[in-house]
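To begin, one chain is listed below as structure tokens, in the form predicted on its own.
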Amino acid sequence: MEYTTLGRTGLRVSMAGLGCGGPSRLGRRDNKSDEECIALVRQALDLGVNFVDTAESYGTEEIVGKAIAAVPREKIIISTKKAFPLADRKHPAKEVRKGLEQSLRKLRTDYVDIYHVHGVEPGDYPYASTEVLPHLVKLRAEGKIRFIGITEAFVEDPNHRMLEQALKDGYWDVIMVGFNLLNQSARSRVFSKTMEDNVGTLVMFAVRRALSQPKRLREVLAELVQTGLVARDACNPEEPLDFLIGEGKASTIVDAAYRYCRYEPGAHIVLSGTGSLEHLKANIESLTKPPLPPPATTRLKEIFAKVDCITGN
């Protein structure tokens, strides 16, 4: 495992982060037992992962709390999130404090390293920055939060309009952004600014259905060609992205997708969510491999240069 510094937080974090939400939610989607989910978290730690990302809305905070109970607190970086929009918008101070204290109990800790406002859409950003942020600052002063973050609603906002607003303000220590080889728009709209201001970045959506299911990838590429966002002759319609596979390249499209995100300038942590131990090991192996050959990354940038409207699902 390789480690890096998460922007201005100064936290030393693993390049691979364990995502406890997404489709799998540590195996909750497949009705795996608490013991199996806890074992998966512990296996990630054994593989060198020290960054665990969960959220109030994922239903996995208790799993994380049980999994890390025997680990020295300073060895683990915990990221969690307050569900947004707030259930009680008229009383943000009460709602934010209640949410954080519930998360702390479930996580079995007295502080979180990063506490995010979760899934903020562009139209809701003014409320998040004026009504929620001041209370996060107060909780940070109390020692219950070390750093403050914000995550985008990538499905509703695949072109990063909210994060463009947030990064102008300079309030946020860490952001979570959707980025993958199909939608690379964060490069110019997000990473250019986070690198300038030394903001920590967490990458989500590195791999979703279109990069893990060949049939879906063909469908997505066909849609992009039809809308004129990708040139008709840019890819093999039967085996899209086949130029990424082979000796000296990647073993699979998923392998290529993780490695592409891992070496993107400005990307500190690439999150990987799974309910499978074998899948976890494979993802971490990809994230610790060398970068893709330059001709392959150059071609990907050229093919998808105009795309900013899909998530990879």
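One rule holds for the numbers: they count along the sequence shown, beginning at 1. Because the structure is predicted, anything quoted here is derived from the model rather than measured.
FYI, the form predicted in complex with a small molecule isn't displayed, but the following is about it.
Using a 4.5 Å heavy atom cut-off, which stretch among 272-280, 41-49, 63-71, 242-250 contacts the small molecule in the predicted complex?
Comparing against the small molecule in the predicted complex, the contact stretch is 272-280.
Does the small molecule get within 4.5 angstroms of any non-hydrogen atom of Gly200 in the predicted complex?
Contact check for Gly200: no, nothing within 4.5 Å of the small molecule in the predicted complex.
Going by a heavy atom distance of 4.5 Å, is His160 a contact of the small molecule in the predicted complex?
Heavy-atom contact with the small molecule at 4.5 Å: absent for His160.
If we define contact as a non-hydrogen atom of the residue within 4.5 angstroms of the partner, is Thr151 a contact of the small molecule in the predicted complex?
Thr151: contacts the small molecule in the predicted complex.
Consider Gly119 of the chain shown here, and say whether it contacts the small molecule in the predicted complex, taking contact as heavy atoms within 4.5 Å.
Heavy-atom contact with the small molecule at 4.5 Å: present for Gly119.
Exactly one of Ile77, Met176, Val190, Cys235 has a non-hydrogen atom within 4.5 Å of the small molecule in the predicted complex; which residue is it?
Of the candidates Ile77, Met176, Val190, Cys235, Met176 is the one lying within 4.5 Å of the small molecule in the predicted complex.
Using a 4.5 Å heavy atom cut-off, which residue among Phe84, Tyr125, Phe205, Trp172 comes into contact with the small molecule in the predicted complex?
Looking at Phe84, Tyr125, Phe205, Trp172 one by one, just Phe205 meets the 4.5 Å heavy-atom criterion.
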